[in-house]
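Shown below, as structure tokens, is a lone chain in the form predicted on its own; questions about how it binds or moves come after it.
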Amino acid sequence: MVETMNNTWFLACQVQDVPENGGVCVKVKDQQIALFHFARRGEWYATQNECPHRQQMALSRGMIGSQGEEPKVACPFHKKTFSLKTGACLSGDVEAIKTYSVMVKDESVYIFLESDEI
């Protein structure tokens, strides 16, 4: 854990724990967070794990891809798609999801939580 001005980077896992072009669920404090390694783009993303459509903890098992230039994840159950950058529902029919900043340092993956999320 690295603390910065009432905000914290939490150690989520090691790089090798996340499949390339896939995701895993990590628990940070009491939150389930979906962590994605979008290797084709050389990028990492983190979102809430709960899909707002049916309140199922499943987004970490979703398929990732792109819609134009926008990286996205599709819920494995109902195929609702969400931007991995902004959390917006790309089909526009359910609420947005929460996104988190990700930092990779020395083969460790960190997720940033603000003080009110801890």
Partner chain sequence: MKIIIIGNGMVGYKFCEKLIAKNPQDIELVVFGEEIRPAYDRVHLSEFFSGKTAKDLEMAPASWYEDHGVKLHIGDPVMHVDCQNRTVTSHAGITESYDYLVFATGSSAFVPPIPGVEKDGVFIYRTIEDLEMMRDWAPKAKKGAVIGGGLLGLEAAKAMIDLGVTDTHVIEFAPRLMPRQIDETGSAILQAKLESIGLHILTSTNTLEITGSDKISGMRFQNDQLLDVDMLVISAGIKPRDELAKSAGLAIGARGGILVDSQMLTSDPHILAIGECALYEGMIYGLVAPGYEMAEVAIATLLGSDKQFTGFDMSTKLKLIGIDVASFGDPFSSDAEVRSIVLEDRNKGIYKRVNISADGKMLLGGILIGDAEQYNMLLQTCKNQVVLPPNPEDIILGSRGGESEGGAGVLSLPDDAMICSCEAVSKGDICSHVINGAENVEAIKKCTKAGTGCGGCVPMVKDLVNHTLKSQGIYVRNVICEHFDYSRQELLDLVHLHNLRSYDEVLSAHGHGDGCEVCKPLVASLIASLWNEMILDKGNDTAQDSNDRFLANIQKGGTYSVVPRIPGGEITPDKLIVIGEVAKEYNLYTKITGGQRIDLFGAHLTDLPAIWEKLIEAGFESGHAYGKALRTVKSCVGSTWCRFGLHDSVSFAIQIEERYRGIRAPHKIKGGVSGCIRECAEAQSKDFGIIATEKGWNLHVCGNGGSKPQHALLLASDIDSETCIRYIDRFLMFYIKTADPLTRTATWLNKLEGGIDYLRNVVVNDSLGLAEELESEMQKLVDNYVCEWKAAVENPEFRKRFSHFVNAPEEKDPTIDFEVLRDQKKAKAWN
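Remember, predicted model here, so these are calculated numbers, not experimental data. Residue numbers count along the first chain shown, from 1.
This protein has a second form, the form predicted together with the partner chain, left out of what is shown; the following refers to that one.
In the predicted complex, the partner chain lies farther than 4.5 Å from every heavy atom of Gly92.
Among residues of the shown chain, Gly65 is one whose heavy atoms approach the partner chain to within 4.5 Å in the predicted complex. In the predicted complex, the partner chain lies farther than 4.5 Å from every heavy atom of Thr47. At the 4.5 Å threshold, heavy atoms of Met103 stay clear of the partner chain in the predicted complex, well away from it.
Taking a 4.5 Å heavy atom cutoff to the partner chain in the predicted complex, the contacting residues in 17-36 are Asp17, Val18, Pro19, Glu20, Asn21, Gly22, Gly23, Val24, Cys25, Val26, Lys27, Gln32.
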